[in-house]
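We begin with a single chain expressed as structure tokens, specifically the form predicted alone.
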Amino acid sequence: MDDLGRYDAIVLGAGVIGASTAWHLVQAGLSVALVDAEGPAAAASGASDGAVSVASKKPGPLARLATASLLYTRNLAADGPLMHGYHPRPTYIFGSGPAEGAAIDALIAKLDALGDAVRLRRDGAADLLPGTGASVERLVELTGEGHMPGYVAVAGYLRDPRIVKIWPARVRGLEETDAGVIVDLGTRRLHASRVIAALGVSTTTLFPQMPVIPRAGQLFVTDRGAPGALPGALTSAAYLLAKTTDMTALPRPPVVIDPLSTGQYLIGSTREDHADPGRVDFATLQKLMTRAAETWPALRNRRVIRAFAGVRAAVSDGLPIVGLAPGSTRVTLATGFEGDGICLSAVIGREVARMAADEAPTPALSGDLAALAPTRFTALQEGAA
């Protein structure tokens, strides 16, 4: 217990946010250890749909950060760790009824305000994408977005041999001193000048004051067929509404139909406030299946081969938590991304690495990053007291 491994920075959590942060830290010349309780992409990053999507982001700081991250992801895919992970593809948003139609109109206005990273290519009825069902009343095609499976992105970042990988290893506690931070792993201790906690649903075990909520989502996967009929994800406008509206108030289920390179379809997803990945709700899945088949009738010829629940780390106010932990000068939090971590991972990893190296954030992003600071909750807690 007295022999301390010493690093410039230790990253806790080997999901896509932690892996991106570790990669950016070693690019800056720092010695880095990456610690995880199980292994890389073992939690939310391994069960994500992989969408690098600005369209699906909540308006405001998240949408602007997602735009910056999309552009940066393209750079890392052109000549960097995401060369084999990110692939551009169109996005299709569909809707039925006035509520979903209004959500599509709001989406178009949001994208217009964000610039030309993502563009509206076509707007019309279902006939612009052959194969959609009669229930689809409105359909828009967007260009500029892409797909990046979380586990593939994590593997890309972790190819850098300078990242010291430590797992399985569960963090028992952190001790901040004048000289740095001691990370207690039970059988050994590590020491770093800085610690970055990208712990996802495990955040509250070390930081119980942070309002991080484990939230599950039901998904299912079909058998294989001929790939290519659907060139990009089909996302219901109800999925956009779910970012700001209670699930029970939505007019239709918020389904996403995601074509995989294997010729399968990954279909989801719900938002349920529990942390049990083994709780498969077949009544909910039936609703998703029904709307998915109405939207893309070819699914009626497929079999479901797996149903499961992925668990994500959500935050009470719908924004992730990024910044120094309350009362700390050496521990940075990067958590609570729910379904937005894949898209945001590139730019968040870069900016958190800058924080850990005592560098100022990228000027154009400073205001939006400030909106994610953990201090927004300490101020509320002090006011309540």
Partner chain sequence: MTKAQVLVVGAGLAGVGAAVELARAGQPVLVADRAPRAGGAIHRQPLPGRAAISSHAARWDRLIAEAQALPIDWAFETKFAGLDHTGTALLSGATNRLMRPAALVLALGAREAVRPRTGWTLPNVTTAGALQIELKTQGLAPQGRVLLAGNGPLLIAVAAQMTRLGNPPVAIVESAAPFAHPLHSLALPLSYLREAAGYMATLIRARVPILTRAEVVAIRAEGTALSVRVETPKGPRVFTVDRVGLHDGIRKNDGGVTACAAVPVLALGDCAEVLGARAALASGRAGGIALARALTNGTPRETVPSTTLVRERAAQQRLARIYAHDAMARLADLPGGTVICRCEGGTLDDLRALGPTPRVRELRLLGRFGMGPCQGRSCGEWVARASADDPGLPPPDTPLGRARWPLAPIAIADLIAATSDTGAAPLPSEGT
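Worth saying up front: this structure is predicted, and the values here are computed from it rather than measured. Numbering follows the first chain given and starts at 1.
Only in words, not in the display: the form predicted in complex with the partner chain, which the text now covers.
- Across the options 182-190, 259-267, 84-92, 127-135, residues that bring heavy atoms within 4.5 Å of the partner chain in the predicted bound form belong to 259-267.
- Of the residues given (Arg170, Arg224, Arg162, Arg119), Arg224 alone sits with a heavy atom within 4.5 Å of the partner chain in the predicted bound form.
- Site annotation in the predicted bound form: the residue of Asp281, Asp123, Asp105, Glu176 reaching within 4.5 Å of the partner chain with a heavy atom is Asp281.
- By the 4.5 Å heavy atom rule, the three marked residues Arg6, Ala360 and Ala364 all fail to count as contacting the partner chain in the predicted bound form.
- The partner chain in the predicted bound form is not approached by Gly217, whose heavy atoms all lie more than 4.5 angstroms from it.
- A residue is said to contact a partner when one of its heavy atoms sits within 4.5 Å of a partner heavy atom; Asn75 fails this definition for the partner chain in the predicted bound form, lying far away.
- At the 4.5 Å threshold, heavy atoms of Met355 stay clear of the partner chain in the predicted bound form, well away from it.
- Residue contact check for Pro254: one or more of its heavy atoms lie within 4.5 Å of the partner chain in the predicted bound form.
- Residues Ala283, Thr284, Leu285, Gln286, Lys287, Met289, Thr290, Ala293, Leu299, Arg300, Arg302, Arg303, Val304, Ile305, Arg306, Ala307, Phe308 are the members of 283-310 with a non-hydrogen atom no more than 4.5 angstroms from the partner chain in the predicted bound form.
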